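In the form predicted alone, a lone chain appears below as C-alpha cells.
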C-alpha cells in the first residue's frame, strides 16, 4: 500500500517526535507491557475488510461493538433476539485472544420502533427490560468480561440531573421520580445474569470535575455503600479541545478509583478541524498526539484505571465527520489508509514508558 503523498511528509516528520527509539512494538505489545487493556469500538460488517481486521488483531487486546449490542440491532421485534452481528465480533475477539466489553444494555437512543412507540405501561416496560438484560448477559456469560449496563442516564441541559427517558419517566419502569432507583434495578438484573461480569456505568462529558461527574460520583458512592453491584465507571472522552484540563481529568479518575471501582476510558477520540480534503494541519496533528499521550499517562497514573478504548481506530470510519458535517475529523490514531498517525506513536510511547499497573 502506498501512503498518500499529501499526508506522507507531514506524518513522517511528526512521527519522529513521538516514536520511541528503535521500537518495533505494536500498540498491543505496549499495552500488554503496561498491564492495561487497550481497545476500540468495532463494526461487525467491517471485519470482512482485510486491512480493518488485520489492524484490529495486531494492535488491540480489547474490543467493543459500536452498535451490534444496542437494542435496534439485537431486538428486531418483541419476541426475538438477533445476536448475529454481536456474535461475529465476540468470536473474532476470542479467536485473537482479545477481551470484550459489552455496550450497552440500556440507552435512551437507538431503540427499535416497536419499543419506542409501543405505549407500554411501567410494569410492562420493567418486564421487557429485565428479560432483555438477563437474556443478553446470559448469552455472553463467560465471553464478555464487562458491560456498560447504563449509558448516558444523566442530562446535558441541567448537568447532573437524570435524563427524561423511556426507562426513567416516559413512562419508566416504575421508578419515576425515585432518583437512581431504576439504574440500580438494571445493575441488579445484570448481576443476577452473570455474577462474574464487571458492571459499568458509562457517561459522556463527565471526564473532568464538573456537575455531571459529581452526580455520577454521588451515585457510585451511594451504590457502593449499599452493596449495589457496580464495579466501574466509563468515561467516554470525546475530546474536541486540544488543550483539555488534564489536571481535572486526572483528579476525576483518582476520586472514582478511590471509591474502589475501576475506571475505563471508553470512547476516546480527539477531533480536529479539517480542510475541504479532510486533512488537518500539521500543528493540530502534533497537538492531538500530545492530548492522546496525556490521556494515556493520566490513566496509567491511577492503578484503578484499567482500560482505554478509542471510538473506532481509523479515520476512514470515524463518526466525527458526519456528526460535524465535515467540519471536523482526523480524530483517531490511524488515518484513512490505516497508517499510524503521530497520535498512535504518542500512545505507544506512553504505554511503553509505563512501569505497569
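Numbering follows the first chain given and starts at 1. All values reported here derive from a predicted model rather than from experimental measurement.
Another form, the form predicted in complex with a small molecule, is not on view; read the next lines as being about it.
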Assert contact_stretch over 302-310, 63-71, 324-332, 26-34 against the small molecule in the model of the complex, heavy atom within 4.5 Å, equals 63-71
Do residue 110 and the small molecule come within 4.5 Å of each other in the model of the complex, heavy atoms counted? yes
Residue-level contact is defined here as any heavy atom of the residue lying within 4.5 Å of the small molecule in the model of the complex; does residue 236 satisfy this criterion? yes
Looking at the partner-bound form in the model of the complex, is residue 207 within 4.5 Å of the small molecule by any heavy atom? no
Do residue 52 and the small molecule come within 4.5 Å of each other in the model of the complex, heavy atoms counted? no
Heavy atom within 4.5 Å of the small molecule in the model of the complex - residue from 180, 213, 151, 271: 151
Within 4.5 Å of the small molecule in the model of the complex, do we find a heavy atom from each of 43, 267 and 319? yes
